[in-house]
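One chain comes next, on its own, written out as structure tokens in the form predicted alone.
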């Protein structure tokens, strides 16, 4: 029988057959299932559908039980979807336990036939229980729940027969439908509640952000110890023993890890990884390790180790333990020797440039004798080869088709922790799964690109016969208008386009912190992305919106004038300077107040005055007054005083108390006896949203630099900010959110613009 005919024998339509043939592995599996079913019973459409569902639903690590399940389906002992689902669950639950046939048949109802009389009796019992309501509601009654109640009595009753019997007995009870039974019921309108405080509370709840911990409580990964039930997990004869030993060590506790390479500063993409790994552990009362993957001594620096730890803690997470891959160098070496002895690894002399690309030539040394590879690997360790002359490769293939990944390479560079002890260093592909096993990680959470290495992850753990964690993947986070490559950021620094790794125009975590992004906002942003396998590229506006949400309710207000215009109040009503009380956060009395000075000489934004009034302009003009925020006065232009060049030097104005009768169209910020401060305004570092795309920027990312990405101003800020601490955040009213930069001195504060206000786009 041809493959196509075999698929059709399962009851698949021509279109479904075409779709299935595109999936080679599934096609082979279904054809094998048909072969196994031959001669065991009639292969009708019902049996075929169940066999197809068996092939698509049974995880491959349980395929050793496939012949058993096929036989039960083919012989019609498992003859409905509910039975098949129960059978598959039993197989999964007993993968590493003694398989008792009697228990299996009982669990899935194999061979159980529910008679029509039994169905009639069960339906009658359920309808009798609800008879009064059914008679009242007649055919408007929802019979759906009755199905579940009958199935609770007769677990293996055929659903179609149960539905038919319910319909029949309802008809017998009520008789044919009458005209009123055909009228659709009118939906009752929900009355609006008038309790205003309750409505306000509901609105407040809707605005609350979902935290990463809350999100990860809804994620259904495997339970600790249930590794073997996950898709693609490889079960060996020792899996049961190893899992039991693992559970004794962990106490059935969730364990995750965040394993960065200490050769650069963490960026916004790492924030998602940190939140997922630490967040999943927190959501399940588990623990998360911070493990430095320090297997490449060439690029590792102490400042990167410190920077990584600082950023993890800044985001609010505390590692259960800080570990290093280098802690396990000796054990990793011994396992490599074990792999050679099992003929699962070999020493290869192909140069790095020979094995690059998608289709490199096979190694001519793949089948060299075991004793030869053992001696050569020892020679590698003892420094008898130059760099690039020899590597240790694993005899396995990655999902992406890459043959024999490298496990060890030679580097004559001292390691920051082990010194000159080693001149061979393990690769990430070799190291991370073995270190996961050593630390008894339950959930190895990785970005999507590591899905192509999942099979080698499982293969390697099983090859050295150790506990095998489960790898789960999620989508990587990328951001428009930036680069996050460590090499490219280093290039930006060396070329002078940015100052350092924490330049506020970058999207490293240290840069975002320096710019004033709260850790809470970054965590909230990561939570909004959810946990999917899709790789996403996010516009910075989405992150900035989360930043505003946090700063709006946490940052104290201040008044600042970025482009000052001096104003003299000619009829100043007081004898000297007076104090004006301003709320730190409007609407939040618990946040307290601060005091600003009001005097006859004030400064306003130059853009808040127009000598020639444009249509729709609502601020100060020679014919239009404007209010000064918080002080209760409006000002009216008396005279425009010019400088020698004919430009505006300052304004002379009169002031009057604000009343309902003379309430102005708008109020503006102002300062009096202010502090002189430096303010740094930022725009996107790159002109295009994808600066690394050669089709958009053919000259490379360095040619796409926005030369106006930094604008430094000498601004005036009210005295309330005096003594502000580094990274303290303010909202400069009507301007944006600002944070104190580390360059600040006691007599010269420097402010970074974090984000603008939402109103900026509408301000006229």
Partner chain sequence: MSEAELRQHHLRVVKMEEEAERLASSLGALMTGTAEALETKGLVDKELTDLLNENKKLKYRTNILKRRVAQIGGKSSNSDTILSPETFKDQMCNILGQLEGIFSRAIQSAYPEATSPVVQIQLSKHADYQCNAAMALAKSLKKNPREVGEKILNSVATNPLIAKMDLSGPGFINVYLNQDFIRQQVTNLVVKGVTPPPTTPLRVVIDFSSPNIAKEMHVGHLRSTVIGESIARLMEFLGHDVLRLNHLGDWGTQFGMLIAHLEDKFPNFATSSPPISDLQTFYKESKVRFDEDEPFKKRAYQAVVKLQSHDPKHIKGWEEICDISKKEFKKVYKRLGVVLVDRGESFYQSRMEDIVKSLGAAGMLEEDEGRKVMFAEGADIPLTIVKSDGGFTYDTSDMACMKQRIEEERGQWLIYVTDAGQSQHFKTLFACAKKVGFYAPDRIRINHVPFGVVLGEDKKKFKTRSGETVRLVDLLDEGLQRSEEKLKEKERDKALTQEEFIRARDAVAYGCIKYADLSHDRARDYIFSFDRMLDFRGNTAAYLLYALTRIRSIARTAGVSSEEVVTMAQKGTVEFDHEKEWKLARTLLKLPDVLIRITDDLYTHPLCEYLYEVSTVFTEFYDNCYCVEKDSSGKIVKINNNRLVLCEATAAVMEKCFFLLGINTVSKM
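Numbering follows the first chain given and starts at 1. Everything numeric here is computed off the predicted structure, so don't read it as measured data.
What comes next is about the form predicted in complex with the partner chain, which is not displayed.
Although the partner is absent from this view, residue 599 stays clear of the partner chain in the predicted bound form, with no non-hydrogen atom inside 4.5 angstroms. Under a 4.5 angstroms non-hydrogen atom cutoff, the partner chain in the predicted bound form has residue 420 among its neighbouring residues.
Taking non-hydrogen atoms only, residue 414 approaches the partner chain to within 4.5 angstroms in the predicted bound form.
The partner chain in the predicted bound form is not approached by residue 395, whose heavy atoms all lie more than 4.5 angstroms from it. Among 473, 372, 613, 105, the residue placing a heavy atom within 4.5 Å of the partner chain in the predicted bound form is 372. Put simply, of 132, 495, 301, 386 only one has a heavy atom within 4.5 Å of the partner chain in the predicted bound form, and it is 386. Segments offered: 246-254, 362-370, 72-80, 652-660. Contacting the partner chain in the predicted bound form at heavy atom distances within 4.5 Å is 362-370. Judged against the partner chain in the predicted bound form with a 4.5 angstroms heavy atom cut-off, the residues 8, 22 and 52 are out of contact without exception. Within 4.5 angstroms of the partner chain in the predicted bound form, the stretch 709-739 places no non-hydrogen atom at all.
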